[in-house]
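In structure tokens, one chain follows: the form predicted on its own.
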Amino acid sequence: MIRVDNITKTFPGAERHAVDRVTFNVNEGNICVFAGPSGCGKTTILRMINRLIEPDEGEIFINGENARTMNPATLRRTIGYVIQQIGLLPHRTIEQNVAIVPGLLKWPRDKTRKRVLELLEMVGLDPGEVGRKYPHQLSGGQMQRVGVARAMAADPPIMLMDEPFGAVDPIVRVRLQDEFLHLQQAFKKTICFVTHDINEAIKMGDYLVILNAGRIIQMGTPIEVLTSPADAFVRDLLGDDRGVKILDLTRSGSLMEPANALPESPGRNGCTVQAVQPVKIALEMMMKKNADQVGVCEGETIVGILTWNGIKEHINRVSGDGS
């Protein structure tokens, strides 16, 4: 869907490249997250994909077509763009803000309104309550939802998201992340997502691109990066708790022992998790129930046991540092 081939960008007066010989692919329907410190080139890459900035060298291909040969305005209308600052027009209502791209595409009025109402409901907003309000009348979380709805208005196959949830408090941020992942399960957009928050990167990404000083330091799935960080920079970025982060990405069923492996009854006191749930959920259940094991279920059937010792051994194994 997106192929970036050896792009480089240097801004006038800069001592080094903002983006230095960067190459990667984003597969259709995947979320590719760009993570790294401020100034590492994340946003510049995003802006080159939709030609808000032109690369000095290299090429970018969208569905096999060289982006340089595409009309910039046409290209941008087929790519949803969400930024941290949201960028809602203050003098237009929420409905009018969401309808901007359909209006540019000259959709019929009835089709546009139906799409706007559908999208507001999709992102968890009541059209009757917020549709005729202006941006300043909404909370930060509500405005972020409107920003996502506006980016999806023309049903673009590609979305660029630059710190889209960074301007809201942590509780709202988690809720927005969860809601967006739920939408992604249904719509399977191809997404380039920028964040400086490594926990958000791990949660949101099918694939991670770790950058520093304009260069790619490591690429891979979240579990690949967590279990095999390329160097000390990546290890520091992941943090000392990367073994615990892995628990969010490991299903309980993958670490379970057979149900008859231990003498004690699995799932005693209602202490069970589903096999598809993250190991982190199983660990939280153990702490809540003051237990050292949980029963692992498929539906209502207990198929195995997950123990505290088994989780600890897994953390030590994948961390490679005995933590």
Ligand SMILES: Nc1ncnc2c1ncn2[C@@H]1O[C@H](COP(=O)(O)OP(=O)(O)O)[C@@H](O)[C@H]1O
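Counting begins at 1, following the sequence as shown. Remember, it's a predicted structure, so these values are computed and weren't measured experimentally.
Although it is not shown, the form predicted in complex with this ligand is what the next lines describe.
Taking Asn30, Thr272, Asn50, Thr44 one by one, only a single residue has any non-hydrogen atom within 4.5 Å of this ligand in the predicted complex, and it is Thr44. Although the partner is absent from this view, Pro37 contacts this ligand in the predicted complex, with a non-hydrogen atom inside 4.5 angstroms. In the predicted complex, Ile315 stays away from this ligand, with no heavy atom inside 4.5 Å. Under a 4.5 angstroms non-hydrogen atom cutoff, this ligand in the predicted complex has Ala18 among its neighbouring residues.
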